[in-house]
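In the block that follows, a single chain appears as structure tokens, in the form predicted alone.
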Amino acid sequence: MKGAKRILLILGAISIVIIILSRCMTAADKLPRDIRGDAYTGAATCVKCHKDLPQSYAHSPHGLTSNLVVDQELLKVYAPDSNSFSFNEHQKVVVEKRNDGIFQVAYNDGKEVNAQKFDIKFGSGEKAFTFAYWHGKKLYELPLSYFSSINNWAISPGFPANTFYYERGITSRCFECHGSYVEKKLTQKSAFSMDEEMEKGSIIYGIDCERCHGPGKQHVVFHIENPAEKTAKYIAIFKTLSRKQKMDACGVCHSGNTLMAHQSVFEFKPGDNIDDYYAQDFVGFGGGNPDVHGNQTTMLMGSNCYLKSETMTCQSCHNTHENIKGNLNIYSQRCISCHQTTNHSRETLAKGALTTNCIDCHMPKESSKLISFQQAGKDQASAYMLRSHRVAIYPDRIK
């Protein structure tokens, strides 16, 4: 009995200590740790208060720009009669379901020569999905991508058209615009080359809350401890940023892929100067012709709409918390909010529907000069069409 009483006393003492320690823990101590550092708290914490945002944002192109491949979701993408791509009479790549996942399998004269699993997908699927596989701590792009415009597989952009290729590396730089974080290790191989390895478990897929609003831990702690305060503190609110700061925040990923990065843009926070991260390319202001892929801010800033306005930014038309991709009616209403007295030509008026579709005339889809894709059995590459962000009058659109 003495032994039993001693155990009960010990357990009671432990319980009291636990209660005291739990009361000593601050709000910050109770928040989950984030791999990006102590200043961050993670999207799961943001969701607890901002319950209305996840449903729209999680399904937006930003939220879906990268993710792990889920086999059951991938099975819905391809049909049994469209899962093979022939390069020629000898070589082909087949999308196959096997016991341990779904693979892109290369065959040469009917003999399997390479098989790599779908591990990660890039892109929201609005235009395409590109896929990647892990080999150790290195990531490589798979030879076939799925293009929504043809509802079928085609050669991944930039890949050779006459043979399968599995050796194109995907680096952390790709995740800087298609993710929110990845931990990397760089090793100097020679005076002119570096070797990079990435930690699989460190990746934060998609563009999350803190990628756009900055580290949120101090914000969360303050509002937990001050629930009556309804004005957001210690977090970047876009309406409080200057025009340049707003454009820079979007330009981190939307100002072109010809820029040279001085440092990882994972470190960029709203309010920072983008020039500290990139060697800027001002081609959009000098009469150049930037490609429609990835140059949204450059093209917008070269448009008369932007140049003649003191306030126009990306947020004038886009709210990243909503998912209205492709809804030309809503976007057109945002045009009309500034252009209520615009006069159109007789030819344009004859087309009708001016209040529901300004976009196709003034921001038409154009073929990318950097990206195209090769379909099986076609001699010429197919155009990769993207919406131009150079808002302008396009004469060929009114003929």
Ligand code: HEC
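Note that the structure is predicted; figures quoted are calculated from it, not measured. The first residue of the shown sequence is 1; numbering continues from there.
Heads up, the form predicted in complex with the ligand isn't pictured, but that's what we're talking about next.
Pick from 85 to 93, 194 to 202, 209 to 217, 111 to 119: which stretch has non-hydrogen atoms within 4.5 Å of the ligand in the model of the complex?
-> Looking at the other structure, the answer is 209 to 217.
Is there a non-hydrogen atom of Leu75 within 4.5 angstroms of a non-hydrogen atom of the ligand in the model of the complex?
-> Residue-level check for Leu75: no, no contact with the ligand.
Is Val182 close enough to the ligand in the model of the complex to count, meaning some heavy atom within 4.5 Å?
-> No - in the model of the complex, heavy atoms of Val182 and the ligand never come within 4.5 Å of each other.
Does the ligand get within 4.5 angstroms of any non-hydrogen atom of Lys369 in the model of the complex?
-> Outside the cut-off, so no.
Using the partner position in the model of the complex, report whether Gln104 sits within 4.5 Å of the ligand, counting heavy atoms only.
-> Gln104 lies outside the contact set for the ligand.
Heavy atom within 4.5 Å of the ligand in the model of the complex - residue from Lys230, His262, Lys189, Arg98 = Only one option qualifies, and that one is Lys230.
Contact check for Thr65, Asn343 and Ile393 against the ligand in the model of the complex, heavy atom at 4.5 Å = All of them do, each having a heavy atom within 4.5 Å of the partner.
Determine the residues of 32 to 46 with a heavy atom within 4.5 Å of the ligand in the model of the complex and present them in sequence order; the list may be empty.
-> Heavy-atom contacts within 4.5 Å come from Thr41, Thr45, Cys46.
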